Each structure stands twice: as C-alpha cells, then as structure tokens.
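Take a look at this single chain, the form predicted on its own, given in structure tokens.
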Amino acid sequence: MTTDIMVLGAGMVGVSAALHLQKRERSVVLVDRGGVADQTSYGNAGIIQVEGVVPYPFPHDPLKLAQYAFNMLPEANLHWSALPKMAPWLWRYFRASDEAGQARTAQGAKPLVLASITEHEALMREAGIEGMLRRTGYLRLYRTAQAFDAAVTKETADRLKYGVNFEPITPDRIRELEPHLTERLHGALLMPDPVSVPDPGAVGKAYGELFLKRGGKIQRGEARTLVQRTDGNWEVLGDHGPIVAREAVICLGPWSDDVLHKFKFSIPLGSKRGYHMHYSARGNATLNRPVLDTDNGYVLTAMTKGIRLTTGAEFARRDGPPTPAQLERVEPAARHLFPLENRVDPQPWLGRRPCLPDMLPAIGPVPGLKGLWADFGHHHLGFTLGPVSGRLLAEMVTGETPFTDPKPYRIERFQ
C-alpha cells in the first residue's frame, strides 16, 4: 500500500492529525497495532481542559518531595525500582518546574490550550457527535480553609497572568451544584470554561469513523518496524504487507521514543501511569460535572459506563505490570465523598501519559530525517490537545502559515 503520508498511532492525537491532513487533500493511512482510541485516549477523565494553561509541575517543596519519595500522598506513587531509568527524565522535569520554567511552559501551551475546545467542536460537528459536549465546567474541592485560601491566591495570580477563569464556591453553593456529594467541604473552585464528555474513547472512535467516511484507511501495523528506504520514502510492516509513504508522523504517545531511538535520535520522554475504575451509583445519585478531590488527587466523572474514578500519577516503568495501589488508597475517600456502589470493571484500567520535561508536546519535523514528523508528548492533555495539535502539524506539513508560532514545540529543543 502506498500513500502520501502515514500517521503512526491511532489515539486522539493520531486520529486528529490524520483528519487534518486529510482535509488538506493528502492521502493518509492511519497505522496502529490496535484499534482507534484504545489506549490513553480512552481512559482519561473526559475533560477538555481549556483552563489547563499552567502545567503540572514537579514539586520543589522539600516536604512534598519527601512525601512523594516515600509514597505518603495518594496523588503520586513512586516505584523505586524504576528510578535508575527514570532519573534523568525526572531531573530534567524537576529543573523545568521552577517558577521561570512554569511561566515558559504556560506561555507555550496557551495558544494550543485556548483553541482546544474550538477544534474539538469542529470535529464533533463533522462527526455528528456535538451533543456529547457537556458545558458544565468542573469543581476542585477543598476540605480546609488553608487549602482553599491558597488555591484562591494561586488561581487569582494565574488569572492575571494567563486569563484562567475561576469562581470561588461556598459550601451551600456546592450542595446546589452537586446535591449528592455526601461530605461536608470548606469550599470549591468552579472552573467554568472546560467542557467534558461522557465517553472519551467513543469520541476518538467517532473521529476515526469520520476519517474512514472521508476515504482514509486504517491499517494494523507495527510502528517499530519503521524504516526509511533508499528512495527516501518511509515504510512500516502492516498486517497485509508493507505500507509506504512519502512522509510519516509519529503519534505514539509514550512509545514514540522507541521509534526515534532506531534512528539515533534521543528524546527525554517519560511517562506517568494512571488508573481508572467505573462504579455504579447508589440509588438515584448523580454527578452533574467532574469533581477533583484536591486532597487525594483523583477525579470523579459521570461516564456512560458509570462513575469513573481516575487516579493521579504513578512513576513506574512504562511497560511494567499494573500496580493499582493508588486506586485502593483513594477509593475509600471517594466513597466518603460520593455514594459509589459496586465496581463495574473486572479490573482497573491502566494508561500511560507521555511527558516531556517541560510539559509541552513535540510538534514538527524531526531534524535530519526528511519526511518524518513528531506529534506526541502531550502529558495530561492528550485528549484536550489532539485536534489543535493535529491542525498545527498539518499546517506545517502542507506549508500553510501556522495559526501559532510552532517554535515552543520543536523537538530539537532537547538536543
């Protein structure tokens, strides 16, 4: 099979890139060893985080560092056995998380984040699923005055610097918005601008169906077989034979560095693992919007399958066996917060968030490898940023004027 361009990886980032390239009259083959939106794109909290301009920094506070190191906080779980391999990435992540680094990341992320809902809306309209958008925002919950006041102070500063919108919420107002929360809380922050969906995997699959409807092809194949042929074209081995293209885009999330290393291109890509579980709700209990338990680092979201509990970050070997300790730790707190009943899934779901040290994605050409492009490393915002990243990538590939300066996302910034 021969095509103009192949996109390696059929998650939210890959399928979005394929659609935007297709719109620009490129023939596109989407290649994945599994199905569309089966990995991290399926298992997230379902929020399109238009407020997510400010990154998730690595802590610099000595007390918090110690708590992370000894797994004293449920929001993080460290595997000491993974440290030898992860240490170089963690060190760069730590260095990029100082005040100046956070400001650089926020300024770099802002053009992508602010356009994220608009780009999703466009694809949803075309896919006929715009009704899946829930325009309710989400709540960040606080149990103490100290934590609440600190959050208000931080968000006030972020609003001044980056335009992030928020609204402080009293306990009475929390009960109005979410009457089935069963725990007394000191306060909350309503983040009114983000939207959410009840099934992020279904959104990705709908985008995949749109791609097929418009003449695209989806093939099973192994991205690690990617080679550049003597004629300059790119080739991977598919289930039905070689797939050949003039250009190729790496959208493999946490596995992207496996392919780049083949071509002697080193990239400091790490991963933060995370888990989710679905629960039935007791009686007629409902959640009207996602809620973030800031003390315990998990999110509850009403999904098609039930109430989804999504955990914080696990620092572990990317492909190591599941160790859902965080889920076991936070489930009692979640049951105290909301009337969860039975687990719905037979086992916890495990996903991997691809993270570069500065918490910005890599979007653009890979230096020294003509026709090879990067679109990966979206950390916690892959579902959010997939469509807008696909647009920027497609504009660069086809020689259009990019809607924003792509310099902050160039992959060679780590060389």
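Each residue number is its position in the shown sequence, starting from 1. Here the structure is a predicted model, which means the values were calculated and not measured.
There is another form of this protein, the form predicted in complex with a small molecule, and it is not shown here; the text below is about that form.
Contact between G351 and the small molecule in the predicted complex is found at the 4.5 Å heavy atom cutoff. The closest heavy atom approach of A223 to the small molecule in the predicted complex falls within 4.5 Å.
Contact annotation: T310 falls within 4.5 Å of the small molecule in the predicted complex, judged by heavy atom distances.
Under a 4.5 angstroms non-hydrogen atom cutoff, the small molecule in the predicted complex has G46 among its neighbouring residues. Proximity to the small molecule in the predicted complex, defined as a heavy atom within 4.5 Å, holds among P194, G108, G204, G274 only for G274. No residue of the trio H20, W234 and G364 has any heavy atom within 4.5 Å of the small molecule in the predicted complex. Residues within 4.5 angstroms of the small molecule in the predicted complex, judged by any non-hydrogen atom, belong to 383 to 391 and to none of the other stretches in 62 to 70, 383 to 391, 22 to 30, 365 to 373.
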